[in-house]
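Quick setup: one chain, the form predicted on its own, written in structure tokens, and binding and motion questions come after.
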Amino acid sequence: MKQRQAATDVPEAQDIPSIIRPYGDTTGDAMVQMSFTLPVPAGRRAEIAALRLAGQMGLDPASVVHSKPMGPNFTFFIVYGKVNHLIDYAGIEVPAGREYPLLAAKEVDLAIRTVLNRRLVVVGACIGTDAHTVGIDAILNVKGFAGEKGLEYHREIQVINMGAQVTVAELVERAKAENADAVLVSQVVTQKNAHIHNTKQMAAAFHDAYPTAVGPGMGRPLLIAGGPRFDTVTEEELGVDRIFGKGTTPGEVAAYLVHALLPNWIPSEPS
């Protein structure tokens, strides 16, 4: 699962120009490289088609630096060319950073124990035909990711990892049976926007199956979606409460669970 919200930005060098263009061979030459596949047999006509496409996309001049047949009727291209676009780098507004603090594992467990007086229940799965469990396992399994232990490491979190290729109906049924406080869904396969379709279907099913209120003992579980390609949609569009993208760590998810489900908990000041 991946990190959508911005973390603290790395300080930038002071000599960055305000207007920028791509870099290929030399600074400011505006050269870019892109790849694509056309549904045509390899050959000179296919290369001309690739160059025309590149021209319509604003690359002028452009050249085909690599082409390879992908079966009898498809050709893969790499095209190199010059663009005429400039970017107002100084005018870019950076999204607001994370709206909740990161917490140590002991703080997460203390918050759950203090407010809930029971274990917080998390159900996770890869839904649809998605069989890629690396993301969901990185967040849920005790071994974790990027040096951080997964949610299973927390004594106050009960984790139910349903694995891959779970149907939406199965996920809803299990969440109800476990009285889940949160549901984590990972989607890696993105062909034909399958990740968006599956997540919307999942969210709609939970909204239909539960009251609208969210929170421990109040209604439907918190819905969290994660994957590398959710950067084109918002939580509102998907019907979920949070989206995490690539690079998300278990600690970020754990802290978010406290922030969203236990909003009245206040961390104690260090002594």
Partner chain sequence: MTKLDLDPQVVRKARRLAERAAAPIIEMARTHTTVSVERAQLRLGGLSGADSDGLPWVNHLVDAVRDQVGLEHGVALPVWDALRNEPYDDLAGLARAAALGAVTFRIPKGSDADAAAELARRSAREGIGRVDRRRAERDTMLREVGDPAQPWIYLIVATGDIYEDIPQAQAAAREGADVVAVIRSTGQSLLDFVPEGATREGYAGTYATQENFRLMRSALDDVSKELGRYVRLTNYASGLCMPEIATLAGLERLDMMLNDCMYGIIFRDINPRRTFIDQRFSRQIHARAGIVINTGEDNYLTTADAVDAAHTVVVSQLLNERFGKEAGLTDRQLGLGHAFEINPAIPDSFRLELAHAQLVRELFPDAPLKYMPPTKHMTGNVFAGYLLDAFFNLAGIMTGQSIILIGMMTEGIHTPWLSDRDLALENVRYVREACGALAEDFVPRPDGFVVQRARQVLSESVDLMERICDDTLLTAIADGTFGVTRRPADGGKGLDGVIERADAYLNPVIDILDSEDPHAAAGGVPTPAGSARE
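Numbering follows the first chain given and starts at 1. By rigid core we mean the largest C-alpha set that fits within 1.5 Å across both forms. On a predicted model such as this, the values are computed, not experimentally measured, just so you know.
The same protein also exists as the form predicted together with the partner chain; that form is not shown, yet it is the one meant from here on.
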- prompt: Looking in the predicted bound form, any heavy atom of Met31 within 4.5 Å of the partner chain?
  reply: yes
- prompt: Do Gln165 and the partner chain come within 4.5 Å of each other in the predicted bound form, heavy atoms counted?
  reply: yes
query: Would Tyr153 show up as a contact with the partner chain in the predicted bound form if we use heavy atoms at 4.5 Å?
result: no
- request: Using a 4.5 Å heavy atom cut-off, state whether Ala204 contacts the partner chain in the predicted bound form.
  value: no
message: So if I measure heavy atom distances to the partner chain in the predicted bound form, which of the stretches 112 to 120, 177 to 185, 75 to 83, 99 to 107 falls within 4.5 Å?
response: 75 to 83
Residues from 100 to 137 in contact with the partner chain (non-hydrogen atom within 4.5 Å) in the predicted bound form: Thr129, Ala131, Val134
query: Superposing on the rigid core, does the Cα of Met70 end up 2 Å or more away between the shown form and the other one?
result: yes
message: Using a rigid core superposition, assess whether Val83 undergoes a CA shift of 2 Å or more between the shown form and the other one.
response: yes
message: Does Thr232 move appreciably between the shown form and the other one, meaning a CA displacement of 2 Å or more on the superposed rigid core?
response: no
